[in-house]
Ligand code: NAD
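First, one chain by itself in structure tokens, the form predicted alone.
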Amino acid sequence: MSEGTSTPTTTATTEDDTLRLAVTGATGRMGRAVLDAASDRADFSVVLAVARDPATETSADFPERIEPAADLESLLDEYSPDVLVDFTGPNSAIEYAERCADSGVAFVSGTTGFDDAQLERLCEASEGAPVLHASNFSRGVEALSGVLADVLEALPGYDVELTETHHNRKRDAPSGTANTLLDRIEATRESQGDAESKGGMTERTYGREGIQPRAEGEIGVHVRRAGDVRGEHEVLLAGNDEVLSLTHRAESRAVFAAGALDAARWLAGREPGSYDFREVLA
């Protein structure tokens, strides 16, 4: 994967240093949240909003003109955004990333559910434009991820269970955030060595049914889908007659929209390459 440099180049912005913003999936819940958040910030000007099925006319819900996503390539040339924010689906996000790479437009995506081939294409797109992909744009989730290694190292051999809850329309399971946390847990546990007292190697177990005693090094993974839950993740560690629970709960999609815009502001004008949300918060 190509790595970007942390030194920004000159950003092509308007005279008042307002970034020109494009948003994909503009009629979706997260697309709408990004547009709403941008409207409250003086450092962004929405110049382009696109959707697979654009609204036929503006309304109170969609005051922006929604353009067809199929025309994104020509629209990027016409409106010249500095950065595009994407919360759509894996197939469309990869397509949009490649269009941004062709046009040299910075690309920020919170889309999850990519397979390995799609992640490779996203990496390739970063050769033509700066790309920042994150499974979660919450500062709280990033803080949770950051402390996990210290907690796991302090509690070697403790059982680990991860539970995540999202709204009933979410497609990928476990969530991208859950998988990111699981990757961090596995990397930390496996770096602790092979001794049983240090946790040993890890293996994910998705739910349990029937007679299924817990195995050595197992990480339990549990997925819940209900109502309109924005996102909740809990990492539970138990052992030595004690239980430690680390939980993050998002109360509004505005949390993710704000983080994505912070990432967009940070990314615009940087050299092509792959960047991480952690760098934005450093």
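Start at 1 and count along the sequence shown; that's the residue number. Just so we're clear, the structure is a prediction, and the values are computed from it rather than from any experiment.
This next part talks about the form predicted in complex with nicotinamide-adenine-dinucleotide (NAD), which is not shown.
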Here the chain is shown alone; which of 152, 106, 75, 134 has a heavy atom within 4.5 Å of nicotinamide-adenine-dinucleotide (NAD) in the predicted complex?
134
Identify, from the list 92, 202, 80, 180, the residue with a heavy atom within 4.5 Å of nicotinamide-adenine-dinucleotide (NAD) in the predicted complex.
92
The stretch from 152-160, 208-216, 80-88, 118-126 that lies within 4.5 Å of nicotinamide-adenine-dinucleotide (NAD) in the predicted complex, judged by heavy atoms, is 80-88
Report whether the minimum heavy atom distance between residue 27 and nicotinamide-adenine-dinucleotide (NAD) in the predicted complex is within 4.5 Å.
yes
Although the partner isn't part of this model, could you tell me whether residue 142 comes within 4.5 Å of nicotinamide-adenine-dinucleotide (NAD) in the predicted complex, counting any heavy atom of the residue?
no
Quick one: is residue 170 in contact with nicotinamide-adenine-dinucleotide (NAD) in the predicted complex, heavy atoms, 4.5 Å cut-off?
yes
Can any non-hydrogen atom of residue 52 be found within 4.5 angstroms of nicotinamide-adenine-dinucleotide (NAD) in the predicted complex?
yes
What residues in 89-115 sit within 4.5 Å of nicotinamide-adenine-dinucleotide (NAD) in the predicted complex, counting heavy atoms only?
89, 92, 96, 110, 111, 112
